[in-house]
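The data below hold one chain only, encoded as structure tokens and taken in the form predicted on its own.
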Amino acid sequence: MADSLLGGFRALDLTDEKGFVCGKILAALGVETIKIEKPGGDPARGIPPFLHDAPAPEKSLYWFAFNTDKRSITLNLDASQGQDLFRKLVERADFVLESFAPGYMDSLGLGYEALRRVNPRIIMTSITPFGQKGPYAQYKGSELIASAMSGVMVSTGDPDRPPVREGPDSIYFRSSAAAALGTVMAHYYRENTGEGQQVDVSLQEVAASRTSSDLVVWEFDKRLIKRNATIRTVGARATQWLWRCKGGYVFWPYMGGPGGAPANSALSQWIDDDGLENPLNQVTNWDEFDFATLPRAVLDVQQEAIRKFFMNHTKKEIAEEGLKRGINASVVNNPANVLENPQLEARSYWVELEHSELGVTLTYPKYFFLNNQTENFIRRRAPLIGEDNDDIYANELGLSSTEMVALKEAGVI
């Protein structure tokens, strides 16, 4: 079995939070991913939470989570000497990942057209709020703005309150995944033609692709789908699907017709077994149960009885006994539940990575997918600031110790 799918290739990662996961995915696939940070460290090292709640550049759990398997060098791209060093790095690289505003890399003489003259095989992947061209290309943006302007946010939250953002940074992560896919596709093309290219990823576009069902409803019915929070509309009636229980929440869809009949009948029987008041007993044929013909007051009484039933049980009881009875309820897990999940444990999903400089070992997801021919696993903690400066600058580029000191004093590295 080979170690990884893309071993032997190198990426230079200039991204901020918009693209961290792109580099993380490539690193897990075997690409030697070098995170290029400003001298003193990437600003994202200041993003909480922090290990032991102690803010410090080398203790950001956000940084730990999304920069695994990367190496780190420091480099000031605004300095002419820094630009020269970057060009030398590009000569030895296969990919450049960046998330600057469109035109910024060009202004430094490091845009795609300039870099392809240095290395015709180079692939540059650019991740920006609105893409490289168009009337919004120069607008600043963030995960929150992309969520709002893509139509994602309008569908998130309670119907009687303003929209809310998703978390954590879901649009950044999905856009990074799209960028990684685009990078690998461009790599496939290069392996067949020898030509590099630029991959252009827009946060707004990636997010908008998730709203296809809302767009179709508007296109054909000129109707806006309203936020529904814990309820869902199937057919003519909105019913509750997310229920509070002891210690948390469970997901269980209250549905009519043959699709909902087995679970509804089983739930009604369980309510009886608990000795609770059960208005669901009034339903004589669950296969023909139709919310469209049910008075709203009757539905409200039924759902209140279901709420009381779920509050009578813990998440564990509902998951285990519900599976036996066939009510198909799914618990809403918190991080503690996820770490203890027997399915993930059985698949060896977790890996312990040592942070020897901090004297701790932390648990991480081990992989994005499994492959029976390669091991595309996360193996190494996120890098320290400039951890690989000596190896890259001295051993690879041949800089002397005197040159390294001078560059550091000048704020270049």
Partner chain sequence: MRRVSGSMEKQALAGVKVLDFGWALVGSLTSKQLADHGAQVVRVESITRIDLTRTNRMVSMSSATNPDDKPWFTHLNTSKYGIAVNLKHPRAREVIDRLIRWADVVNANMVPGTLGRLGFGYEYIRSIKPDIIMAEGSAYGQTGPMARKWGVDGTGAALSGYLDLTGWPDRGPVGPNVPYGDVVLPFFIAAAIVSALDYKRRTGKGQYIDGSMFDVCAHQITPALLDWEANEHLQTRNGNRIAYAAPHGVFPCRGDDRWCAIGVFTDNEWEAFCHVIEDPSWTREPRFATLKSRKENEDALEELVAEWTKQHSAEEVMQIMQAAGVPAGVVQTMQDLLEHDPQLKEREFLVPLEHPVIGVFGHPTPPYKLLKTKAQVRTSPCLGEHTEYVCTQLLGMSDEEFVELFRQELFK
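Given the structure is predicted, the values throughout are model-derived calculations rather than measurements. The term rigid core refers to the most C-alpha atoms you can superpose between the two forms while keeping them within 1.5 Å. Numbering follows the first chain given and starts at 1.
FYI, the form predicted together with its partner chain isn't displayed, but the following is about it.
Picking from 296-304, 249-257, 79-87, 269-277 the stretch near its partner chain in the predicted complex, with a 4.5 Å limit on heavy atoms, gives 249-257. Contact check for Pro49: a heavy atom falls within 4.5 Å of its partner chain in the predicted complex. In the predicted complex, its partner chain stays beyond 4.5 Å of every heavy atom belonging to Asp94. Shown alone here, Asp53 lies within 4.5 Å of its partner chain in the predicted complex, counting heavy atoms only. Its partner chain is not drawn, but in the predicted complex it has no heavy atom within 4.5 Å of Val118. The listed set Ile73, Cys245, Val184, Leu110 contains one residue whose heavy atoms approach its partner chain in the predicted complex to within 4.5 Å, identified as Val184. Interface residue among Ala101, Ala114, Ala148, Val283, judged by heavy atoms within 4.5 Å of its partner chain in the predicted complex: Ala148.
Residues of 20-47 placing a heavy atom within 4.5 Å of its partner chain in the predicted complex, in sequence order: Lys24, Ile25, Leu29, Ile47. Relative to the superposed rigid core, Lys133 undergoes a CA displacement smaller than 2 Å between the shown form and the other one. After superposition on the rigid core, displacement of the C-alpha of Gln198 between the shown form and the other one stays below 2 Å. His187: CA moves less than 2 Å between the shown form and the other one after rigid-core fitting.
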